[in-house]
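So this first bit is one chain, no partners, the form predicted on its own, shown in structure tokens.
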Amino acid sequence: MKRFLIIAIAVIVSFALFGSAFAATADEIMKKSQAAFLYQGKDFKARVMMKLVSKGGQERIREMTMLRKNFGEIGGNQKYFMYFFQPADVKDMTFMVYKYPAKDDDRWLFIPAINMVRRIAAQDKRSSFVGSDFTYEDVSGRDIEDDMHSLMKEEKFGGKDSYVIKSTPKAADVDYSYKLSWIDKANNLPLKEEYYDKRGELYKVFSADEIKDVKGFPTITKRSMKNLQSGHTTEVSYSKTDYNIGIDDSLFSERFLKQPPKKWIE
């Protein structure tokens, strides 16, 4: 009996240690993925074409310049700035994000039609970004610490060796119950993400449709998000992508939300 108890305790301890290592591995994979997807280079600029496609095939276009700069180490503070060129109803609109680790980000939207800067509340971060299938949070990324991550399996996806990570939100105020991510082992970029609603049904899918090398950084230059329940899809393509161009810190201010310098937005 004593020997049986010793063996049982050893087995339980082994499973506990194995489980902890498994969880740590999943967290590390997601941190590397965040670094590859959102933090490459000291700064980043791209011309972004966003196509919104309805279930019936009608298309609307959003065109903008996106700029991003890192402040501190990878996984730390960042700032984003976006300027919209078209359509007419959003022309000259700007959007700015101050991203912080482990606390709510600050977001501002300048609406030229009423000449007003609007602060976007923290609870609106899961709202649609300018009518697309991406949310405000999708634009700058979700904090790793907001979810519990577990490594479900390893498999090939699109011919690439990848990890499959399950991410479950710690808070209940999120519009999905969990997310599955296929992370490329070679470059740590997300190849696909599946979002499951509160009933456990798949309702939204992100896809990395094209990856190119830009100054030595593997970069997702085409991506899409499809809402399976509404049939609506958003397709995004990046052009004129560039890294380490020396974006001025002063760009990320309320002053330039209203009058952005042409040298950075064109």
Partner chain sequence: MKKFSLVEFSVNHPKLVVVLSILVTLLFMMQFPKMKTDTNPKNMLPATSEVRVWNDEVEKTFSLYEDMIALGIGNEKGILNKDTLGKIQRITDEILKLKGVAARDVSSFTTIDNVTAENATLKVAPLMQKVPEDEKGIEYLRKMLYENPLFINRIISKDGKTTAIYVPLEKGANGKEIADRIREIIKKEKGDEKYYIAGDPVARDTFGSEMFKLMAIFAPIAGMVMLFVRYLMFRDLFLSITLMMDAMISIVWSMGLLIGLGFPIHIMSSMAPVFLMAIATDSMHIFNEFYFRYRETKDKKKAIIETMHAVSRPVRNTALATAAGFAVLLFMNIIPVKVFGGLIAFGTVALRILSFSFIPAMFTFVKDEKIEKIAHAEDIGTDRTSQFLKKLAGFGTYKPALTVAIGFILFVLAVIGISKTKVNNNLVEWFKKDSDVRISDTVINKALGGTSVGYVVALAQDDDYIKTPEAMRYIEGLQRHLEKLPVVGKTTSVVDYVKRINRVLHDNDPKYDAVPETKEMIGQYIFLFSMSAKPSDLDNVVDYPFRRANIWVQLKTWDAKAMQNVINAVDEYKKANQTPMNMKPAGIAYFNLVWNHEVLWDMVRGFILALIVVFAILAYDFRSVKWAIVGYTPLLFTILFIYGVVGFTGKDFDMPISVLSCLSLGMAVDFAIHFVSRLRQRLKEAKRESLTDALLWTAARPGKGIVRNAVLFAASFAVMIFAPLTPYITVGAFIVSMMLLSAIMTIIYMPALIVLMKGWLFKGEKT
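Positions refer to the first chain, counted from 1. Take the two forms, find the largest set of C-alpha atoms that superpose within 1.5 Å, and that set is the rigid core. Since the structure is predicted, the reported quantities are computational estimates derived from the model, not experimental observations.
Below: the form predicted in complex with the partner chain, not depicted.
Annotation: in the predicted bound form, residues Met93, Ala121 and Phe129 each come within 4.5 Å of the partner chain through at least one heavy atom.
Out of the listed residues Gly158, Pro101, Pro169, Pro112, Pro112 is the one that sits within 4.5 Å of the partner chain in the predicted bound form by at least one heavy atom. Proximity to the partner chain in the predicted bound form, defined as a heavy atom within 4.5 Å, holds among Lys204, Arg223, Lys32, Arg62 only for Arg62. Stretch 129-137 is the answer when you ask which of 129-137, 188-196, 73-81, 148-156 has residues with heavy atoms within 4.5 Å of the partner chain in the predicted bound form. Taking the partner from the other structure, the partner chain in the predicted bound form has no heavy atom within 4.5 Å of any heavy atom of Ser237. Taking the partner from elsewhere, Lys69 is found to have every heavy atom lying beyond 4.5 Å of the partner chain in the predicted bound form.
Remark: Leu52 counts among the residues lining the partner chain in the predicted bound form, judged by a heavy atom distance of 4.5 Å or less.
Proximity of Gly56 to the partner chain in the predicted bound form: non-hydrogen atoms within 4.5 Å are present.
Taking the rigid core as fixed, one finds a CA shift for Lys91 of 2 Å or more between this form and the one not shown. If you fit the rigid core between this form and the one not shown, you'll see the Cα of Arg107 move by 2 angstroms or more. Here Ala172 does not count as shifted, since its C-alpha moves by less than 2 Å between this form and the one not shown after the core is aligned.
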